[in-house]
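Shown next as structure tokens: one chain only, the form predicted alone.
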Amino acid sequence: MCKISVFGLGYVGCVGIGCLSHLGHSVVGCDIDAGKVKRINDGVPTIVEREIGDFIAEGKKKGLISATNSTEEAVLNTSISLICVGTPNSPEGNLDLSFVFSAVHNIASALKLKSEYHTIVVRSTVPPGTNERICSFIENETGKKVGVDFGVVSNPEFLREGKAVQDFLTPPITVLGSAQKKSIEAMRSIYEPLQADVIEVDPKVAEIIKFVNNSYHALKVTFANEIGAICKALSIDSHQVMNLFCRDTQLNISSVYFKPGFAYGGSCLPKDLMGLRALARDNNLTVPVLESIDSSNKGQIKRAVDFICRKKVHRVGIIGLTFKSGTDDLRNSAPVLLAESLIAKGMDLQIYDRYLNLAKESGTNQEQIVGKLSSLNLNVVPTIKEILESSELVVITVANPEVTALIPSYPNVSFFDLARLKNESVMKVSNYEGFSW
């Protein structure tokens, strides 16, 4: 059994107290709101949520739950403190951390009176870098040493209102971000009964994942609603369409396409997206999410062009010209658009693409490829070494194992990777930089 204090008796804190006591832990709630403190001490939840009332009553009856408005009492009688206070948006959209740092300030004051190691856990949604700020703040306030006297863990919550108890007890994953191993192990012991994968990450990863999750959930709702509007206008059953969509767990509901990298292209995605948008326009429908996809994709190409221009180079090589690896298809190729933009900026360009070379050797699509390259005025060379020996900067658009092996031999060439080479050692060399990582 762990002794845990929970700061903030609102939605996340109340669910946390109930579920942690249900797992057998002793929990002390702490809040400046006397009404919330009284409710918990009376064995009554501070929110309306399925099952949580039974859990709070059960925990109180077993002597596992209490509440106080004294930070000192909460901290001195526990070894772990969970911060579950609100972080509302400012008028500009930023998260207001005043409640978080008020709690941190009070916890730090109590830690001055404590000699035992203490773990502070941030469950509230906070921007990346907050964990580090809290560590520095407590060190400065108390004179204590992070990793020796205390630790800070970023442990975002993924609770849906109405299903919060279920989500707490059966999470898909549990995320822990901290540089203090002792604190990580303390949190592992708490979550061990949940049988969910506990994933240790950099604190900044733990802090941003909640933003990413909820933004994607918002995108899913909006995407489905725009599809629903189009289907409705065409007298199509949108639920049948989306049920069919969700049946595909190989591509649609999967990790495929979910890796940050370069822009999409090819014959299918641009064509069918444009066609769907046309269906919406034909039926006088506004679909902002679908309308924004193409411009966002073009923005990714512009970001790559801007990065290269900032390098102040003249001789640029591109490895990979087709719209993706494993094909000789140049239709709607993002690397082609990149190459055209760089030529327009006055850069001297050379290109290597092993699939185009294979196509030339076999005679496959030769007329189409030669005609396309000629119209684009692009200089395609037969070997990677020709690129590496004549370029100041090399742009990698496909994960080609040949270039991976050659990078260490060309320390004076800068490598800009749009495809993420599957080699961690290469990523650490000083002349390599990734695009979206």
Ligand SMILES: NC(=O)c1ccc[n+]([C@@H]2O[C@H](COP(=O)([O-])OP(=O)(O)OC[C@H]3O[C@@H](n4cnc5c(N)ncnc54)[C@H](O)[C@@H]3O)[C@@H](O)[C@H]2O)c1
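When you see a residue number, it is the position in the sequence shown, counting from 1. Since the model is a prediction, treat every value here as computed from it, not as a measurement.
Omitted here: the form predicted together with the named molecule. The next part is about that form.
Looking in the model of the complex, is the named molecule within 4.5 Å of a heavy atom from each of 25, 72 and 77? Not a single listed residue reaches the named molecule in the model of the complex, so no.
Of these, 85 to 93, 284 to 292, 188 to 196, 335 to 343, which stretch puts a heavy atom within 4.5 angstroms of the named molecule in the model of the complex? Every other range fails; the passing one is 85 to 93.
Proximity to the named molecule in the model of the complex, single hit among 42, 54, 33, 389 (heavy atom within 4.5 Å): If I apply the 4.5 Å criterion carefully, the residue I get is 33.
Counting non-hydrogen atoms within 4.5 angstroms of the named molecule in the model of the complex, say which of 119, 130, 124, 322 makes the cut. Contact check passes for 124.
Is residue 159 one of the residues lying within 4.5 Å of the named molecule in the model of the complex, judged by heavy atom distances? Yes, contact at 4.5 Å.
Proximity of residue 99 to the named molecule in the model of the complex, heavy atoms at 4.5 Å: Judged by the heavy-atom cut-off of 4.5 Å, residue 99 is in contact with the named molecule in the model of the complex.
Give a yes/no on whether residue 103 approaches the named molecule to within 4.5 Å in the model of the complex, heavy atoms considered. Yes.
Taking 4.5 angstroms as the cut-off for heavy atoms, does residue 416 touch the named molecule in the model of the complex? So residue 416 does not count as contacting the named molecule.
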